[in-house]
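Below, in structure tokens: the form predicted alone, a single chain.
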């Protein structure tokens, strides 16, 4: 039964990776990459690596996502003459 859950997670991982690559806005790409990291954490957990899944959830989906959002908001969108 777990293999069917793993296949579903792999399909969602592939979909989120394609969406993140095709996103036009940076904020959308960051959110989708955070979802990708959370799905990876779920996949690690279903495979039995709970400690790796927990670390991926905290660092990959949490800290990295927040740092990317802060970096996007700190940059300026307008050009200077």
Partner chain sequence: MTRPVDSPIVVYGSRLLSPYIMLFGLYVIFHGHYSPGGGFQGGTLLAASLLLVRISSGSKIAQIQFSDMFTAPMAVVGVLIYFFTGLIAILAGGQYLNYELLPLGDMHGAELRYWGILFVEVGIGLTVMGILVSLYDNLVIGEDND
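Positions refer to the first chain, counted from 1. The structure presented is a predicted model; accordingly, all values stated were derived computationally and were not measured.
Only in words, not in the display: the form predicted together with the partner chain, which the text now covers.
Asker: Can you check whether residue 66 is within 4.5 Å of the partner chain in the predicted bound form, heavy atom basis?
Answerer: Within the cut-off, so yes.
Asker: Look up in the predicted bound form whether residue 47 has a non-hydrogen atom within 4.5 angstroms of the partner chain, and give yes or no.
Answerer: No, residue 47 sits far enough from the partner chain in the predicted bound form that none of its heavy atoms falls within 4.5 Å.
Asker: Using a 4.5 angstroms cut-off on non-hydrogen atoms, would residue 59 count as touching the partner chain in the predicted bound form?
Answerer: Residue 59 belongs to the contact set for the partner chain.
Asker: Mark residue 11 yes when one of its heavy atoms lies within 4.5 Å of a heavy atom of the partner chain in the predicted bound form, and no otherwise.
Answerer: So residue 11 does not count as contacting the partner chain.
Asker: Out of 35-58, which residues reach within 4.5 Å of the partner chain in the predicted bound form, heavy atoms considered?
Answerer: Heavy-atom contacts to the partner chain in the predicted bound form: 50, 51, 54, 55, 58.
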